[in-house]
Every structure is written in C-alpha cells, then in structure tokens.
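So this first bit is one chain, no partners, the form predicted on its own, shown in structure tokens.
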Amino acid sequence: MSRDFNLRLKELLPDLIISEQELMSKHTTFRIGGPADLYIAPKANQIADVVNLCRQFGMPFFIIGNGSNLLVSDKGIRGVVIEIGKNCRELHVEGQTMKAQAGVPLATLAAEACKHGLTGLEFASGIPGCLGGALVMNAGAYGGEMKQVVTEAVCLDEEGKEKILLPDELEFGYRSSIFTKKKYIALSATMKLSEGKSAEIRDRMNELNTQRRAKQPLEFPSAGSTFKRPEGYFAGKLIMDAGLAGYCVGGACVSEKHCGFVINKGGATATDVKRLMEDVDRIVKEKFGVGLEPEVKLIGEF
C-alpha cells in the first residue's frame, strides 16, 4: 500500500476513519474473507474525493455495501475497500416519493414506506442488502424488483463526477443494471411508491418474511442465492435434482432447505465455497446440460 496515498488521504479527509488489514469476514454475510489493505467507510460527501484519489494514485478500489452478495478471497483484497453503508443512510419521504442514500438497508426502506402508508417495497423487506447493491443488481423477490419503483438514481460516473440516471438509462434487467456494465458508483435513488394502508402493508411484509424463513436457510451465514436463474429453469431445483442437497466441501454446504443457497456451516473458507460452486456447476452441466452462472460476486485474490 502506497505511503504517499495514505498520507494524502489523511490530509484530504482528516476525520476519515481508516482501518488497515481489516478482516472482510467481519463485513460479509458469508462471514468469510481475508484482510483488506485499507478499509474505509466515508460519509456521502467524502465518496467522490476518496474515489478520485484512488484513481489519481492508480490504487485499486472495491465498493461494498452490506456485503450480502460477496465471496471475498481468503487472501483478502489488495487495495482499498470503500464501504457505502453505515455513514450513508439519509432517508426522506415526501408524499409518495422516497429519497435515500445508497447505504440505507432495504429492510429500513420497506419499514419506512410501511410507516408512511406507502406500498411497493414489501418485496424488499427481507432482502439483506443496502439500496446501493439493490440498484446494481436490480434486486428482487416475490414478484417485485427495484426497477418497478426507482425513478432516478444519482451516481459517480467513470470520471468521478455526479450524474443523474433516469429509468431508461439505468438499464435494469434480471440481476443487472448500468452499474454492472459501467464503472458507475451508486450514491442515492428516488423511488415512487403508491398509497396503501399500513396495516395491510405490514401484514404482507410479515407474510413474505414468514415464507422466507420457512424456505431459506437464514440460520446460517450465506450470500443469498448463489447462482442466477438459468433461462427456463430454477437453479435450486436443478441442484436438488442433481442429488446435491447437503453436498459439502469443507465448511461450505449446499443447503438442504433450499438448494439455491450455499451456506457456511462453520469455518468455511472462500476456497471451500468456490470449489463447491465449481463442483455444483460441473455436475449440473453433466446431468442436465445447463450451466450455472454465479450470482455471488467473487472479489480478491483467488
């Protein structure tokens, strides 16, 4: 790690808290991952300065939110991890419009919408991620997805300048968006919701969360759905039909409750998870001729 970069960072943003050799297992829902060279959680008004400084020094950097869709290498991450999370959580509701910074958890968005009698975010109440990650992946569940409610997003473009993106420019697709195609960084979003009754909205959120607890292995660390849905199939059913329920590599296992999830049963390493994912993809391909594309993002040295 460049000493000049560290000095310039501290000079430019003296109140920024910088952690060296921060274990990423503390910041991912998988509870897996080695140390990052530098780990910082800037305020919203500091993000552009940090990103531009990284680019100026040629320093590799990685943006994370809640760490809910990540598998970080056991060797960690060489470079700077920028968490757009706990220090980027402003949220405002006016009429049927909600504006929020990228670090706001989806569960908080859904709860706030319910509090104001606004419907449209019930699907997001149990998704363990932040708004920024939800924009990147067009997060969705139970028939709802972000593209149904987002009317604009603010991002940093590839030159480090703020840019407003309208729905067509966001290019939302299945687990994809403009953010998966360009090096844009999501900062905030505006969502248009509809009037509803808080009690009915709360009941629907409770119903969905009950279904989620019954069908998903929430009692174990995981990164959510491990593979994308292949066209015309369901990844979890293919894995189950291949006889892989409960299949383990080290501490990483295919959940018997929902085969679409790889779980950390205890002490799993990133190497365990990656090998298991490769085994599952290979076996499913051999049996059914269908390849499985990871939904989980692998970062760091593998």
Ligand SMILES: Cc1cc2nc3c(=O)[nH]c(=O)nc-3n(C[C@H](O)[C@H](O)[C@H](O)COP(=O)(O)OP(=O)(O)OC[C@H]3O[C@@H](n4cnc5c(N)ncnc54)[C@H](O)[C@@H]3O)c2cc1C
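Since this is a predicted model, take the numbers as computed values, not measurements. Start at 1 with the first residue shown and count on from there.
The form predicted together with this ligand is left out here; the points below concern that form.
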| item | value |
| --- | --- |
| Interface stretch in the model of the complex with this ligand - options 212-220, 194-202, 107-115, 158-166, non-hydrogen atom within 4.5 Å | 212-220 |
| This ligand contact in the model of the complex: G65, any heavy atom under 4.5 Å | yes |
| G120 within 4.5 Å of this ligand in the model of the complex, heavy atoms | no |
| 4.5 angstroms heavy atom contact with this ligand in the model of the complex for R175 | yes |
| Exercise: Y39 in contact with this ligand in the model of the complex, heavy atom 4.5 Å | no |
| In the model of the complex, the residue from V81, A186, V72, M98 that sits within 4.5 Å of this ligand by heavy atoms | A186 |
| Sole residue of T29, N52, Q46, T271 within 4.5 Å of this ligand in the model of the complex, by heavy atom | T29 |
| In the model of the complex: members of 122-152 within 4.5 Å of this ligand, any heavy atom | I127, P128, G129, C130, G132, G133, A134, V136, M137, A139, G140, A141 |
